[in-house]
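So this first bit is one chain, no partners, the form predicted alone, shown in structure tokens.
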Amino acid sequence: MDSSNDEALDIIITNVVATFRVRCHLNLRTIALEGNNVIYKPDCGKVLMKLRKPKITASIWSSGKIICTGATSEDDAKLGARRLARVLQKLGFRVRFSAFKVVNVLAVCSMPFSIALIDFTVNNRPIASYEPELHPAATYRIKHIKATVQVFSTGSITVTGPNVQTVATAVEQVYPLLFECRKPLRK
């Protein structure tokens, strides 16, 4: 980062996706009939259940695998998953909470400057791609930490990674590259 401009960037986590298992077979019809805030999708073989606090949506399969989306932190994802397991337990299933894992974290961050996307892509050619006819953002993939950064010309970036720490590392790694491709201020 530039030493003369020590400005902290706010990384806002917008979605955390987590999976877990309940180690028992679930009767989706029973969940659909007796549960609250439930949408039964028999064509997909799953039930969608929504919790209000923390605000998450869970996809529940009869095998006992559950995917939770919509949390805004890893702690909220775990709390929501445990609360969901408790709801299923109260419906009469022999639930044992196991194999919890955060699978994906989506975050947004706004740079204090605009970015020249073509310059950014040319400077970082093998790992950055920009197809303006397909998508308005340049895609920058960081293989060793498994993160993807979508860079928009306004300076807004979207980061996807396997956990919160990876997302923060990706922003720290891409900031100097973006800083050297910033657009000059118009007068």
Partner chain sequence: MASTSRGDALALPRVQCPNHPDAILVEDYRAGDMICPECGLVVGDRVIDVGSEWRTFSNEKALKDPSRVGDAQNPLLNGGDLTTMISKGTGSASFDEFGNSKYQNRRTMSSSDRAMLNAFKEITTMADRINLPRNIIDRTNNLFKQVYEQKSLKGRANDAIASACLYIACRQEGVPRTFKEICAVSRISKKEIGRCFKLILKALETSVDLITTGDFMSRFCSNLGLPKQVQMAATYIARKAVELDLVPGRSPISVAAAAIYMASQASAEKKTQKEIGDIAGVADVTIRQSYRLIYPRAAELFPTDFKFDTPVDKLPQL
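Remember, predicted model here, so these are calculated numbers, not experimental data. Residue numbers count along the first chain shown, from 1.
We do not show the form predicted in complex with the partner chain, though everything after this point is about it.
Although the partner is absent here, T57 lies well away from the partner chain in the predicted bound form, with no heavy atom inside 4.5 Å. Although the partner is absent here, P132 sits close enough that one of its heavy atoms falls within 4.5 Å of the partner chain in the predicted bound form.
In the predicted bound form, the partner chain sits within 4.5 Å of a heavy atom of R125.
Contact annotation: T160 falls outside 4.5 Å of the partner chain in the predicted bound form, judged by heavy atom distances. With respect to the partner chain in the predicted bound form, the three residues T121, S153 and K183 uniformly fall within 4.5 angstroms at the level of their nearest heavy atom. Within 4.5 angstroms of the partner chain in the predicted bound form, the stretch 85-105 places no non-hydrogen atom at all.
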